[in-house]
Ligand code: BMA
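First, one chain by itself: the form predicted on its own, in structure tokens.
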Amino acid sequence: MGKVDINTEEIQNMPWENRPTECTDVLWRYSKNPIIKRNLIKRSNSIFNSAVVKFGEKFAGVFRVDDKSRSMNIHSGFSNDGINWTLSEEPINFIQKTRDPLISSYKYDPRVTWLEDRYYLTWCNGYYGPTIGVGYTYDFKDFYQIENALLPYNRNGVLFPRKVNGKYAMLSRPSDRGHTPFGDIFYSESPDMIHWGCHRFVMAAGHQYSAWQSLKIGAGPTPIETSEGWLLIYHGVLLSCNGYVYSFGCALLDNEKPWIVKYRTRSYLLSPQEYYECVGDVPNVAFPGAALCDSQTGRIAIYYGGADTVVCIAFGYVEEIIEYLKSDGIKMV
């Protein structure tokens, strides 16, 4: 395969650790995982499933924090190196830019995407059941909430980093009120980030693809645009005799029709195997929520939640991931 062009910004100081000599996998874990422990701030029971972006010459993010009352909320944070983080002790207090106030009973599993002139947030928003909340910030200090994207019940709302065919674009996973023993990925578009429609089926879970993604799937980090297509990291769930097991793989989506899947992984890229992924509030979970990607080197750092308790990083190269996807994965079209 020739050189893959990556349509992201250059990140000269992105977090990185070289592949261990004994590692033959496409992704490898940071040797000092977890990078954020469950008790980083005074009020936290656990910190996981979070979103990180380049912010100037440094890094910023939005983090899921389940507090000691076990309420679910999201907090802002900053880092000089993408590894050592300082998080706000208080949850984000949104300034409402809605028709009338939207009351949330919980907020969790955020994603953050730089789009046009601001950082957009999406998260699972408790509004008569789980749906997709949408907001934005310019500085990670003041945050503005706009209308929910879709009706309940829905989760894993992930924006594309540019308009597609002149429309804002989002992936989501329709669900139910609870822990959702099903789930496929759908595509939606909007002219204004408020009104969403033209929904298209993208990908399904199922044993015909592989066991690790047989029960349900959901979009992970913001898709990465390459000359081969949109690289989508997604999580998949296996229902074992001892409960759910969350792993993650990837897919290539068509650049201009992202509801068309070109390839998807047969084997996972990473599954819960380390102690901090297998032991925690929810055992056996590796849940990807963000990725930093340097356009010049092709390096990628994937941030993922371990056991619904801590934040971890895995490293790799975009070109190697796509090559692995094409050689070991499932060709869809």
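Note that residue numbering begins at 1 and tracks the sequence as displayed. Keep in mind the model is a prediction, meaning the values are calculated, not measured.
From this point on, the text means the form predicted together with this ligand, which you will not see here.
Judged by the 2.4 Å clash test against backbone and C-beta atoms, the pocket of this chain is open once this ligand is superposed from its pose in the model of the complex, as not a single ligand atom violates the cut-off.
Contact with this ligand, judged by heavy atoms within 4.5 Å in the model of the complex, is confined among 103-111, 221-229, 77-85, 199-207 to 103-111. Interface residue among I36, V285, V62, I300 relative to this ligand in the model of the complex, by the heavy atom within 4.5 Å criterion: V285.
In the model of the complex, this ligand sits beyond 4.5 Å of every heavy atom of W123. Proximity of Y246 to this ligand in the model of the complex: non-hydrogen atoms within 4.5 Å are present.
Shown alone here, T265 lies farther than 4.5 Å from this ligand in the model of the complex, counting heavy atoms only. Mapping the unseen interface onto this chain, D294 falls outside it, with no heavy atom inside 4.5 Å of this ligand in the model of the complex. Applying a 4.5 Å heavy atom cutoff to this ligand in the model of the complex picks out K216 as the lone residue from 209-242.
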